[in-house]
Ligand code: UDP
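First, one chain by itself: the form predicted on its own, in structure tokens.
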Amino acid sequence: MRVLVTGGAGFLGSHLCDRLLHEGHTVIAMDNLITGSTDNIAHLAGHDRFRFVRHDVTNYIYLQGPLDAILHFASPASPVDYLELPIQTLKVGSLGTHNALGLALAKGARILIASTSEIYGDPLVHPQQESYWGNVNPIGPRGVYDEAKRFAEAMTMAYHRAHAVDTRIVRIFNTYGPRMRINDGRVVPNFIKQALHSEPLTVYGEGNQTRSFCYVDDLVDGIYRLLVSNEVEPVNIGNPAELTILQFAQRINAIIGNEAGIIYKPLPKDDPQQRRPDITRARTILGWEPKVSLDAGLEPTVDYFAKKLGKR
């Protein structure tokens, strides 16, 4: 296939480019580099089946030649990013998704949209199934990301129903691994960075809120399986192994050997208290489930950050 990956220089987008090339496809990565980095795709420079295009997908997307598939992963994706870039986040979820869907329609291409567990908001149902509609504050500080993704799902299904576009929707739960930005603002890089600097880890609230962490290779495998499947309805991809943020902080300190401990700060507004995917659909439809344990995934992740910070 000839495949376009929007957000292709980002954390997830760059790993998807690797997987698609490994499967023998031709890949065009598109990114405006607002949160992505060409460092993530530098190893692909000169690859005969890879090309990078710098472009903002909130503007009209033009590509010459046939296109078989689009993976729309362009978006700020961490709270730090979408609180600093609220309008850009809303625009890429709305205008960017509209442009990507329009390109899919014009090219007769299959399109897979990256959605998120954040569409469930601060959930009243646990674990979260795809049938759950969510508990989202549309005007809260996190609403710009939540509602951008909810709109993107609605637009995707509208194109599927009105124009028979071949669509896929993946709802991504907390993912970690090499190529995350050091100043990403999410809990994994925050904790690892603080621990490597021998600083106390910052836990918000009492640390009782839960998360479920999926290693990037597992996530990419689930996404690829969804892309080549026939499933149109949204599918959760994530690791159902749940732990509290306090437990996670203690695990990071133990792995890195950080003796500085933990400090506590007030909980941010609308921070979800529970996050755990129900992956029954992924298991049933895609034959997928995560294989990499938390400790096994943290080893290369910590090593990546240590090298970035000059600690190794």
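We number the residues from 1 along the sequence you see. What you see is a predicted model; the values in this text were computed from it and never measured.
Below, we turn to the form predicted in complex with the ligand, even though it does not appear here.
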Practice task
Work out which of the listed stretches, 127 to 135, 184 to 192, 67 to 75, 224 to 232, brings a heavy atom within 4.5 angstroms of the ligand in the model of the complex.
Solution key: 184 to 192
Completion exercise
Partner-free chain; cross-checking the ligand in the model of the complex, the single residue of 203, 152, 172, 144 with a heavy atom within 4.5 Å is 203
Completion exercise
As a check of understanding, the residue in 86, 123, 79, 240 with any heavy atom within 4.5 Å of the ligand in the model of the complex should be identified as 79
Practice task
Please state whether all three residues 23, 25 and 28 have a non-hydrogen atom within 4.5 angstroms of the ligand in the model of the complex.
Solution key: no
Problem - residue 267 within 4.5 Å of the ligand in the model of the complex, heavy atoms - result: yes
Problem - Proximity of residue 271 to the ligand in the model of the complex, heavy atoms at 4.5 Å - result: yes
Handout entry: the ligand contact at residue 275 in the model of the complex, heavy atom, 4.5 Å
Key = yes
Exercise for the section: Using the partner position in the model of the complex, report whether residue 209 sits within 4.5 Å of the ligand, counting heavy atoms only. Expected result: yes
Fill in the blank from the handout: Residues in 242 to 256 that come within 4.5 Å of the ligand in the model of the complex by at least one heavy atom, in order, are 245
